[in-house]
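Next up: just one chain, as structure tokens, the form predicted alone.
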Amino acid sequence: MSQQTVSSQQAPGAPRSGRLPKINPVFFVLAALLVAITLSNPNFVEPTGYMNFLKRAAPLAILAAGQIYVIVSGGFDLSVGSLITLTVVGSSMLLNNNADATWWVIPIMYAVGLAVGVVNGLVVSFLRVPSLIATLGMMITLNGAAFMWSSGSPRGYLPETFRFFGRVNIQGIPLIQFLPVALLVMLAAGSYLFWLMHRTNLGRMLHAIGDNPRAAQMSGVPIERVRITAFVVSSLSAVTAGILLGGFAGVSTDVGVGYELQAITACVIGGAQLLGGRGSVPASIAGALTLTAIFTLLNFIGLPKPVRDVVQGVILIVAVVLATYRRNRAGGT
């Protein structure tokens, strides 16, 4: 079969005719959590409450929307958290307190993200290294690079021209009072990643590879090229998340710690299958909002941070068990 045939047929595990299911359970869970948060803190329904919630969730939502590309193709990208850290630390070192340098520093960071994604994809696709191991090695490498570059203490600060995307709110908006620029970035990135996944042949090929790589190859799918593209999308999403996080809190050598697992957890909450072949961008973004809502609710009721880690770990364990069970059941039918 030709690649054109793949594009015209229903890819295994892909939404029918490129369309998403009408209602994903994650949206009901998110709604229930938002109600619970409102009951715990009535101020949440004020514009300041829910807009700040969306602003905090934006980096994770963008990261999850990129991570789902790798997960659907049957892999993982553990390097995104360290790439976030490198983006923040590297930007502060390159800017060196010069606000006028923002216009060329941000493109350089995206070029670094592009290079990281290509390397991850090449190692996984051509050297046949499992994505878990390849991206774990990249994570360690990037963390070491950020530490060596800054000597453990980043120089300078991020000027307002850089922090604009994650920090600034557009004031005077009717009804909602203000609109975070971070939310606009999330909507723009999410819309583009939705179109790329669910309205182009790339999404069909990603689902086909994740569901059955051998069948996809026999159908003419360029597996190596598609997998490299998935890792590039994930890395570029991490750079975008890093720019937003740099705007939130400034420079830190541990700003990206844990975000790789949070992104995977968000995709799982959104219904992604960890063994590949199933997942969607809107559901992953909703999963990120849901995970942020869980953390917010736990904070409101006074539970410590370790409880968040336990909840996140349980979600991942259950997801792996369910994914394995479904794959084994499908293989036996």
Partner chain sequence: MSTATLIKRLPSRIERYSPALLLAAALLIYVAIALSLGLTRFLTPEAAISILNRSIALGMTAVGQTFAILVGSIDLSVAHLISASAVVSSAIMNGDPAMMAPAVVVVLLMGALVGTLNGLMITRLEVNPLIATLGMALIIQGCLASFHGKFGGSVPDAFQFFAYGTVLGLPFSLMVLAVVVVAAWVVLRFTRFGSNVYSVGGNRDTARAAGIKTNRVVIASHILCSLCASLSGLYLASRLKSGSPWLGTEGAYDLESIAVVVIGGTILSGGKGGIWGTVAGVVIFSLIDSIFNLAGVDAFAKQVMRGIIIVAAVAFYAVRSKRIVA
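In this text, all values refer to a predicted model and were calculated from it rather than measured experimentally. Numbering follows the first chain given and starts at 1.
Beyond the structure shown, there is the form predicted together with the partner chain, which is absent from this document and is the topic of what follows.
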Quiz item: Hey, in the predicted bound form, is residue 130 touching the partner chain, heavy atoms inside 4.5 Å?
Solution: yes
Quiz item: Are any of the heavy atoms in residue 252 no more than 4.5 Å from a heavy atom of the partner chain in the predicted bound form?
Solution: no
Quiz item: Any of the heavy atoms of residue 75 lying within 4.5 Å of the partner chain in the predicted bound form?
Solution: yes
Exercise. Look up in the predicted bound form whether residue 148 has a non-hydrogen atom within 4.5 angstroms of the partner chain, and give yes or no.
Key: yes
Quiz prompt | Interface segment, criterion being heavy atoms within 4.5 Å of the partner chain in the predicted bound form, picked from 103-111, 237-245, 162-170, 122-130 | solution = 122-130
Exercise. Counting non-hydrogen atoms within 4.5 angstroms of the partner chain in the predicted bound form, say which of 257, 140, 99, 184 makes the cut.
Key: 140
Quiz item: Considering 274, 297, 30, 51, which brings a non-hydrogen atom within 4.5 Å of the partner chain in the predicted bound form?
Solution: 274
Exercise. Decide yes or no: are 152, 223 and 324 jointly within 4.5 Å of the partner chain in the predicted bound form, with each residue judged by its heavy atoms?
Key: yes
Practice problem: Taking the partner chain as it sits in the predicted bound form, which residues of 194-224 have a non-hydrogen atom within 4.5 Å of it? Please list them. | Solution: 213, 214, 217, 223
